[in-house]
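Single chain ahead, written as structure tokens, the form predicted on its own.
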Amino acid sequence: MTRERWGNFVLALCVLMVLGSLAAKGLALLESFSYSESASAPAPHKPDSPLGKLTPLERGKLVFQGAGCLSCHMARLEPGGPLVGFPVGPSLSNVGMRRDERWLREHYIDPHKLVPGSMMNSFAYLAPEELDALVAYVKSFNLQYEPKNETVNLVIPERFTPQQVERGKALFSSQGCIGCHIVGSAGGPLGPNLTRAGKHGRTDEWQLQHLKDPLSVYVLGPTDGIPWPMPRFDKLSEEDLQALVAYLQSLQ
């Protein structure tokens, strides 16, 4: 081997040794970094962790909030607490008195089966234990979530007259609405509490359509033949319907 080739061989060997050393140091650094990351990462929840000790109602509340139920429904999540959520669908404040566990479970799995045309999404993706917890939590929504002996506060919007509101109040009783809905300290618990109906965010048009065909504001398409607890009041005159709307919108 000539002196020039020998020099090139030695130079190449030195380069390989340097690269090998750098690679070894880089690997050691990477392993050290990975170890520190895994050491600092939180350990997965174990059965004896606080989350593992949640009651079915506590777990159900988390599922209820995480599934986005409050994006469409108003409810009282704490006894005597304020209404939270958005009034796209029916109020759930006392749904535990209106629906049994079987109906609630089937409704979460396939809303369209029980209410054809329903705008509600299916929650069949939930794990069985999550679904059980959700049903248990929603079933607990009963009268204790409704305020007792509230004062009825009428604030008449300018678009209505006091005469309309008085007529609507009389119709609310004579048409049997008070038998299913609570207003103040009177009424029945079958439907949502309407003591503050005017603050629920419903438009006059929504209230009017709800009185004519209650289910139509919650489903897409025809509503004939679909069972729904609230009857239609489409046989009332337009004047009477407007009076009922005026009364509901004045309940503040």
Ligand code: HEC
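One rule holds for the numbers: they count along the sequence shown, beginning at 1. Treat the numbers as computed from the prediction; the structure is a model and nothing was measured.
Just so you know, the form predicted together with the ligand exists too; it's not on screen, but the next bit is about it.
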Picking from 75, 165, 136, 115, the single residue whose non-hydrogen atoms come within 4.5 angstroms of the ligand in the model of the complex is 115
The one option of 119, 84, 170, 97 with any heavy atom within 4.5 Å of the ligand in the model of the complex is 119
Could you confirm whether residue 248 comes within 4.5 Å of the ligand in the model of the complex, counting heavy atoms only?
yes
Is there a non-hydrogen atom of residue 191 within 4.5 angstroms of a non-hydrogen atom of the ligand in the model of the complex?
yes
At the 4.5 Å heavy atom threshold, is residue 160 in contact with the ligand in the model of the complex?
no
Is there any non-hydrogen atom of residue 184 lying within 4.5 Å of the ligand in the model of the complex?
no
Counting only heavy atoms, which residues in 176 to 212 are within 4.5 Å of the ligand in the model of the complex?
176, 177, 180, 181, 190, 191, 192, 194, 200, 202, 206, 207, 210, 211
